[in-house]
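Single chain ahead, by itself, as structure tokens, in the form predicted on its own.
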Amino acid sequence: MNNIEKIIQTIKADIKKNPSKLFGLLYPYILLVGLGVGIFYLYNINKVEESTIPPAVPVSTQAEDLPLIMPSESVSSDISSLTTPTDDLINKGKVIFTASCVACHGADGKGDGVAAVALTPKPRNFTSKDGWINSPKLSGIYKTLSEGISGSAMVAFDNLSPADKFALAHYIRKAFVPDPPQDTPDEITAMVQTYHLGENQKNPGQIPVKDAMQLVINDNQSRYQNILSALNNISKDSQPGAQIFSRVTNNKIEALTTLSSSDDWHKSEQSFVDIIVNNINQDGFNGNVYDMTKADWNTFYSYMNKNF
């Protein structure tokens, strides 16, 4: 038996006596294998991600902002002519549907527009007879366009005139609704009375969302600057009113925000007291207000009415 064989026999005997030594002998090799697997994974991580994460679905249609529509008043139309579908009404309805409805309802009216993915509940599939909140009759679709559907992304189309709503309803019924049901004369009469269709209609107009948001931002910025300015002045003031403010507030900015939410408290001291104590500990003020005397309230009110 040569030296190598003797070494092997010795190792075998050791392992039989102490099997745990086998792990110790193999551990370096296990470590190398694990290290190799890790390096392989890191090297191919991009390929792994490409094969396991589904690619993003490209959106080819970029959502457009609402157009600017000036307020207007339209003369009432002949309702009988609007409740009867004509080629002109249907063609006009198609234009409105393409501009305002395709994003959610899809070009084929199946509720599969590009925006439908993010909506719950899903937009109406006009080609299905099931699940209509309002009926697919002319009066039902007109009601939906006029009132929207609560709990869904379907809002009221207040910017559309009655003639536009009728045109859109006729197009939807003609293009998508299978065997559309007809309204009874009583249902048409009820619709005319409910929505005052015999009267002149006022269109409140609309502004683009980006402009509306800017107006809100600008308004809040002005309000916030007023709050900060008042807070800065109060913090530097040593008058009794300023001291009371510090004592009865947990969150000074929130307290001033509460007061800035309404101008009613400027009219009377009682209104001032009510707006503070009605939501105590939630409006920036704390329970110390209950320890204030009538004289304290008078001092506090006079100070805040003058400085904010």
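Numbers for residues come from their place in the sequence shown, where the first is 1. Predicted, not measured: the structure shown is a model, and the values here were computed from it.
Unshown form predicted in complex with a small molecule; subsequent notes refer to it.
Looking at P121, you'd find a heavy atom of it within 4.5 angstroms of the small molecule in the predicted bound form. Using a 4.5 angstroms threshold between heavy atoms, G198 stays clear of the small molecule in the predicted bound form. The closest non-hydrogen atom of I172 lies within 4.5 Å of the small molecule in the predicted bound form. The small molecule in the predicted bound form is approached by F157, whose closest heavy atom lies within 4.5 angstroms of it.
This chain lacks the partner; the member of I90, V192, A153, V114 within 4.5 angstroms of the small molecule in the predicted bound form by a non-hydrogen atom is A153. This chain lacks the partner; the member of T127, S229, S135, S161 within 4.5 angstroms of the small molecule in the predicted bound form by a non-hydrogen atom is S135. With the small molecule left out of view, the stretch that reaches within 4.5 Å of it through heavy atoms in the predicted bound form is, among 183 to 191, 78 to 86, 103 to 111, 234 to 242, 103 to 111. Each of G131, I141 and L168 comes within 4.5 Å of the small molecule in the predicted bound form, counting any heavy atom.
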